[in-house]
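As structure tokens, one chain now follows by itself in the form predicted alone.
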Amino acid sequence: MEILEQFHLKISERAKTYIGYPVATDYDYTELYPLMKYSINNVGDPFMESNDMQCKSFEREVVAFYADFFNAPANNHWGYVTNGGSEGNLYALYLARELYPNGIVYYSEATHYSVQKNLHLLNMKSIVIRSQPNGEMDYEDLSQMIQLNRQQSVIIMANIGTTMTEAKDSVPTIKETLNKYAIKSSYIHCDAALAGSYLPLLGASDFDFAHGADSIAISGHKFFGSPITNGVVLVKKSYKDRIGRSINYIGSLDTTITGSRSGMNALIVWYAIQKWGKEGMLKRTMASLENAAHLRVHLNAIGVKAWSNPNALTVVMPKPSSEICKKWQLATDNDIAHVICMPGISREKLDEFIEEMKQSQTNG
């Protein structure tokens, strides 16, 4: 169809300058294409078989990989492949609400916009915590708010890489605050959409289950790259067991947010894990971090005050001209913008961006 050809032309052209959002581009799922002829539906709990048109064994392998990746309790973890990080966050908040119906959710002002929507859908009480200049949670403000409401259960939404600056909230520091006020009923969820996929590879993971997390959500389509959005949520099985209910006609428990779930998503994440392995994932991470350092150094050299948080692929800078923001599809927030040096973005592409920034500085 001509309309599809025109769209293909447009999208392929725009993809050449897509550096403002966290999407890897070095992927190839050609081997999975034959399976797209079939309706593969992982309906229900991934640990319970349903009909034959499903790939739950692949999904369970994905969950097992991330259980090890995030140091989940050996006999007390559960998870599934989601449609993306926002669904993972929704699922975790749903669990937390069922555990602590009168709990208060604490999240920083730098938290992803989907969390506010999720809280509205779940009708949960919440308090917004100030952020530090780098985007990290203000722990003093958190401490004061918890002290004021210490009689109620505490539910924490910790950011392991904020949207604009890729700042990481410290789970150990949050745990210290909970201990300080002797909070007995608490739940910590880590929104690790992008950074969670590579921080453990760098030995920089202080947000996993061993450090106090009760659940973790990541996005698969960010670090691995994918034509379909997907993610993984991992929780403690003892929490999940409180909400499941049996559905006769699917032959499984209803334990996920959606009913029907794309089996193709599970296959994509499984395939990416098999293809790259931890060694390949680390190699891609180091190349991306080197590109981020290259971009920072060269932007600073031309007078652009660019910076990054530790172990971040995100390079933050003052908001450039509207022309540059539009061409390079930069995410902006008030007076800042960022480039995210994802796997697949070449050094040559970054140098092209640097040159345009240089010309903009000169002309400005």
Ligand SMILES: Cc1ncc(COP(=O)(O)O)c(C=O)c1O
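Here the structure is a predicted model, which is why all the values come from computation and not from measurement. Residue numbers here begin at 1 and follow the sequence given.
We do not show the form predicted together with the ligand, though everything after this point is about it.
Participant: With the ligand left out of view, choose which of Lys175, His112, His294, Arg130 has a non-hydrogen atom within 4.5 angstroms of it in the predicted bound form.
Facilitator: Of Lys175, His112, His294, Arg130, the residue with a heavy atom within 4.5 Å of the ligand in the predicted bound form is His112.
Participant: Which residue, Ala193, Ala92, Met137, Ile156, is the contact with the ligand in the predicted bound form, using a 4.5 Å heavy atom cutoff?
Facilitator: The residue in contact is Ala193.
Participant: Within 4.5 Å, heavy atoms only, one stretch in 144-152, 94-102, 216-224, 199-207 touches the ligand in the predicted bound form. Which?
Facilitator: Partner-contacting stretch among the options: 216-224.
Participant: Can you check whether Gly79 is within 4.5 Å of the ligand in the predicted bound form, heavy atom basis?
Facilitator: No, Gly79 stays farther than 4.5 Å from the ligand in the predicted bound form.
Participant: In the predicted bound form, does Gly85 come within 4.5 Å of the ligand, counting heavy atoms only?
Facilitator: So Gly85 counts as contacting the ligand.
Participant: Can any non-hydrogen atom of Ser186 be found within 4.5 angstroms of the ligand in the predicted bound form?
Facilitator: Judged by the heavy-atom cut-off of 4.5 Å, Ser186 is well away from the ligand in the predicted bound form.
Participant: Is Thr163 near the ligand? Define near as a heavy atom within 4.5 Å, in the predicted bound form.
Facilitator: Yes, Thr163 sits close enough to the ligand in the predicted bound form that at least one of its heavy atoms falls within 4.5 Å.
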